[in-house]
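The data below hold one chain only, encoded as structure tokens and taken in the form predicted alone.
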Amino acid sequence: MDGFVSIVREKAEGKGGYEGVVAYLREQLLSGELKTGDCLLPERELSARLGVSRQVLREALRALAMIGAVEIRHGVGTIVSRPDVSTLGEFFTFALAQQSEVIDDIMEARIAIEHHAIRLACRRAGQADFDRLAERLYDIVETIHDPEAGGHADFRFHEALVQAGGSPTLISLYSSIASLMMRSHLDRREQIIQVEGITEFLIDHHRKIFEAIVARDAGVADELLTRHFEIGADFRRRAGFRSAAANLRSSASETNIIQGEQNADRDR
């Protein structure tokens, strides 16, 4: 118990009341003194140990409960819990949604995560991972002509790829930006679905990535993923040119109609 006190005093030193409580919980978790499911000391004793008022302690614990770090059970106490990653996802969504070019920034983060994850997957993936990837590949094939369902299937394949890497940190980071990535997948699928050759690319390239992971060839898998993102970007550029050309034709048609009506009015 003396060791417990020294850790608290050392880590909380120089911090305000709220920060001291948060620092205590963080350091106790990192040191292994506290684990998920442990019950914190009673409020009176904990506030005395941390040198904060009971009111400050309650406010800090309520804030920690909001992010899922603890669970306050009346009649039981405050229990250490594992935060739901979706909470972090909501934070990222609100924090990043107000930034310009947020999708491009998220795409860069996604590429970095997937490149490391695919190399890990080639070493760590088990049969359950292979089965999950095979199911996601089947879904891509089945939904290839449906932009919305296809976008979801594409995202789930890449999500399974990251899961196959077996890194809890990478999986958590990927999950935290999942809602923004999903929007990106759906937007891109809507843009490129009419471009010639896109269906073959989506099916064949995902299949090649899957085969490289199963073969545990990290070099080939990583190179295929690089090409996957490059070719995907090229299809989006082509889709952009296609859309711009269509808009120009529409604008020219409207101009011709207006000019025709004006000429008809003059003739009358």
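Numbers follow the displayed sequence, beginning with 1. Every value quoted in this text rests on a predicted model; they were computed, and no experiment measured them. If you superpose the two forms and keep the largest set of C-alpha atoms that fall within 1.5 Å, you have the rigid core.
Separately, the form predicted in complex with the DNA exists; it is not shown, and the next lines address it.
Remark: all three candidate residues (G17, R73 and G77) come within 4.5 Å of the DNA in the model of the complex, counting heavy atoms only. Proximity to the DNA in the model of the complex, defined as a heavy atom within 4.5 Å, singles out one entry of E33, D204, E43, D217, which is E43. The partner is absent here; in the model of the complex, the one residue of L64, V52, A212, L225 having a heavy atom within 4.5 Å of the DNA is V52. For V56, a non-hydrogen atom is located within 4.5 Å of the DNA in the model of the complex, even though that partner is not displayed. Stretch 35-43 is the answer when you ask which of 22-30, 35-43, 226-234, 204-212 has residues with heavy atoms within 4.5 Å of the DNA in the model of the complex.
With the core held fixed, L173 shows a CA shift below 2 Å between the shown form and the other one. For D139, the Cα coordinates differ by under 2 angstroms between the shown form and the other one after the core has been superposed.
Once you line up the core between the shown form and the other one, the Cα of I111 stays within less than 2 Å of where it was.
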